[in-house]
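Here we start with a single chain on its own, the form predicted on its own, put down as structure tokens.
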Amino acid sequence: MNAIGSRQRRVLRWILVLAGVALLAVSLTQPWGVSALPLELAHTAARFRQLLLDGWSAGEPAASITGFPRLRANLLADSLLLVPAYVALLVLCTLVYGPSPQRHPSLRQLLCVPAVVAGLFDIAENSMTGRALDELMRASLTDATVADITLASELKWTMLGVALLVVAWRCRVAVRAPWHAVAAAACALGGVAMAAGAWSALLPAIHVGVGAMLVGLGLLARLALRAPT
């Protein structure tokens, strides 16, 4: 971030603290080597159930397997901590690099929409996953329920990709510095990989996208905090 003010810098620090807490909470509420990402793109009830039994039942007492408390805690941590963190960071980057508020106030707000919509789809996806767990416990889980989760996930990753592309575009327009160019390239790679991976069900592409997003946004945050006041 180039011309970042002292207030925005304080907000950025709090967002980074929230992001750190969120990542820790999400990591602690899932079994080692397991994530909710395959569940998001399961497509069918049979695949959803198999992924649950193969991954999320690991280490759970037999009496609590059907409730999947760790997955529910993971979904809650994602909705309450991780989603607000990444939406806030994307919105802050978009506003800092966005057009002048005096000349293009409406455009600045419009450019923030993809990040906010991505967060809303993420929360909806988590809610529908919880509903799918309830239906699974009642032996009434259907392909239609899982298809809704998959659609919400595809839209979430797509909108998140668009938000990253917006940040990359505005960063290259606003700043002509080598490290900002690297950050913009990482954000652009992340955006494309996320959207492509979601609609092609290529989980490695989404993982690459998430990694590129962390590099790009992390570098922008570092540049902002190290910039002279």
Partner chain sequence: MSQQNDARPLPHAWADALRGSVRLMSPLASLLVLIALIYSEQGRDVLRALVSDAAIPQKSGDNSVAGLVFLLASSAALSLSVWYSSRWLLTAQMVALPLPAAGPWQTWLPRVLGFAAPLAIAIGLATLYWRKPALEEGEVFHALAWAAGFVTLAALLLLFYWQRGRLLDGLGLGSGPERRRDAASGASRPSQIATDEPTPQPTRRVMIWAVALSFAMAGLLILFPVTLPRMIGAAAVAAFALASINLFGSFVLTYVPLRRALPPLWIGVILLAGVVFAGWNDNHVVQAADGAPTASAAAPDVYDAFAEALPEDGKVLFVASEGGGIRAAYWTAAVLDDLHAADPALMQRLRVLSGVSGGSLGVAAWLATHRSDYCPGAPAAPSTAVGLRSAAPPALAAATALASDFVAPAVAGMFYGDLMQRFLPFAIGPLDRSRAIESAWQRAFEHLPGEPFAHTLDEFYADCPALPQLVLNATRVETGERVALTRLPTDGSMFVNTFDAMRAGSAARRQSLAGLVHHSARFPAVSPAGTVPIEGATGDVPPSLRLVDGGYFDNSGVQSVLDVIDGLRRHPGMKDFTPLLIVIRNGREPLDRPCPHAQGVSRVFPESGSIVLALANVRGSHAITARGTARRQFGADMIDVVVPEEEAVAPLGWALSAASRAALDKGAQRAAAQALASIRSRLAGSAPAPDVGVTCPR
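Positions refer to the first chain, counted from 1. What you are looking at is a predicted structure, and each value in this text was computed from that prediction instead of being measured.
The following text describes the form predicted together with the partner chain, which does not appear among the structures shown.
Trainee: Flag A73 as yes or no: does it have a non-hydrogen atom within 4.5 angstroms of any non-hydrogen atom of the partner chain in the predicted bound form?
Mentor: So A73 does not count as contacting the partner chain.
Trainee: Give a yes/no on whether R103 approaches the partner chain to within 4.5 Å in the predicted bound form, heavy atoms considered.
Mentor: R103: no contact with the partner chain in the predicted bound form.
Trainee: Taking heavy atoms and a 4.5 Å cut-off, does R226 contact the partner chain in the predicted bound form?
Mentor: Heavy-atom contact with the partner chain at 4.5 Å: absent for R226.
Trainee: Taking the partner chain as it sits in the predicted bound form, is Q109 near enough to touch it, meaning that at least one heavy atom pair lies within 4.5 angstroms?
Mentor: Yes, Q109 sits close enough to the partner chain in the predicted bound form that at least one of its heavy atoms falls within 4.5 Å.
Trainee: Quick one: of L89, L82, L136, V96, which gets a non-hydrogen atom within 4.5 angstroms of the partner chain in the predicted bound form?
Mentor: None of the other options qualify; the answer is L136.
Trainee: Counting any non-hydrogen atom inside 4.5 Å, which residue from A36, V166, L189, A45 sits next to the partner chain in the predicted bound form?
Mentor: Exactly one residue meets the criterion: A45.
Trainee: So, a 4.5 angstroms cut-off on heavy atom distances: do all three of L53, S140 and A152 pass it with respect to the partner chain in the predicted bound form?
Mentor: Heavy-atom distance to the partner chain in the predicted bound form: all three under 4.5 Å.
Trainee: Heavy atoms within 4.5 Å of the partner chain in the predicted bound form: which stretch among 45 to 53, 27 to 35, 200 to 208, 166 to 174?
Mentor: One stretch meets the cut-off, namely 45 to 53.
Trainee: If you look in the predicted bound form, which residues in 111 to 147 sit within 4.5 Å of the partner chain (heavy atoms)?
Mentor: C112, V113, V116, V117, L120, F121, A124, S127, M128, R131, D134, L136, M137, R138, A139, S140, L141, T142, D143, A144, T145 sit within 4.5 Å of the partner.
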